[in-house]
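Quick setup: one chain, the form predicted alone, written in structure tokens, and binding and motion questions come after.
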């Protein structure tokens, strides 16, 4: 991202250089969320791109200081509603470390957490592909992906009682046990999504037009991805084999058999295909977790007001967009003294200005979206 001086210069410049045009991409846009990129263009070439985040700052970290550890759960998941469980996972782990209960979480609760995290990963990736359709002018991609993900949302609703933000992962385990018939409903939804992935690939990525738009466009090299600290599918699409579920296993992930998809091309096409590769792996993880679950408790009872031990705790997980972490400081009160959230979107924003500079204007929407940058998550 540009330095502060460069950023200020864009705003202070009353007129762009002669023969150039300055335009705003956003902040109101059908796909990007409330986020703006200030573009200086020469013809149809972007000569300068300055990301301008901050339009949806919600003060989530500050709010954590005034609410109890349990009250924080609903508002923490709001910045990334389509990855509710993925966002809450690391928070629950960090609070459990403060409470000294990390090794006591019931096995069934851990499997259900994995199921919900992977279910939300697929739901988030379906949303990603749907909005890609909007940016490509491909309305069928939007309607199919948004419609197909309803199968998983219905399954999650049967478990949690909500459709989007579940508030389901809690310190000590999960809020409730699975209802009768949930496993069958979930596996049926997974079978359906698995059957749709080849259709997506054929519809969106096998056509000559789509290949022309995305192959070899917006290339991020392996070392460049590492140097910019990128995360999630954006990082792995540039050939970096890094996933917290494998690198620092948590919640029984080390007992499950799955691969970390990696692609080496580093272009738009590889970043999009990687999302579908991950959906296939998530379906496999869910099936294993369902098969291995045994009857038992789903959470540790927390009596009275939860008070973290004086000290701090850190936890990170692999959310749908990449590494999501929480650093919590406790002074022994019923609410945290400080909560610091590090999101994958904040990391992936680092390369946006470089990637857009020199690109064609028509490629800006799909380049921007291919980075897995979600403004609400980054601004939090």
Partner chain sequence: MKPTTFARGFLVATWAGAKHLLRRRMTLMYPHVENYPTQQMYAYDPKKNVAVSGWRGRHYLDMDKCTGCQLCFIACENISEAIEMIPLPETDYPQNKKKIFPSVDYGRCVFCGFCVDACPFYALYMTPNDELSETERNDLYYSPAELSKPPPLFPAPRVNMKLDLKRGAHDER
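Numbering follows the first chain given and starts at 1. All of these numbers come straight from a predicted model, not from anything done at the bench.
Another form exists, predicted together with its partner chain; not displayed. Remarks below refer to it.
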Note to self: Whether 177, 199 and 300 jointly form a contact site for its partner chain in the predicted complex is the question; each needs a heavy atom within 4.5 Å.
What the structure shows: yes
Checklist line | Partner contact for residue 128 in the predicted complex: its partner chain, 4.5 angstroms, heavy atom | finding: no
Notebook entry, point to check: Applying a 4.5 Å heavy atom distance criterion, does residue 162 contact its partner chain in the predicted complex?
Noted result: yes
Next item on the list: With heavy atoms only and a cut-off of 4.5 Å, decide whether residue 242 touches its partner chain in the predicted complex.
Entry: no
Note to self: Within 4.5 Å, heavy atoms only: does residue 329 come near its partner chain in the predicted complex?
What the structure shows: no
Note to self: Looking at 272, 189, 279, 214 here, can you tell me which has any non-hydrogen atom within 4.5 angstroms of its partner chain in the predicted complex?
What the structure shows: 189
Check: Heavy atom within 4.5 Å of its partner chain in the predicted complex: which of 73, 95, 116, 122?
Finding: 73
Checklist line | Region of this chain that lies against its partner chain in the predicted complex, out of 104 to 112, 150 to 158, 216 to 224, 261 to 269 [heavy atom, 4.5 Å] | finding: 150 to 158
Check: Which residues from 200 to 222 come close to its partner chain in the predicted complex, meaning a heavy atom within 4.5 Å?
Finding: 202, 203, 206, 207, 208, 209, 211, 212
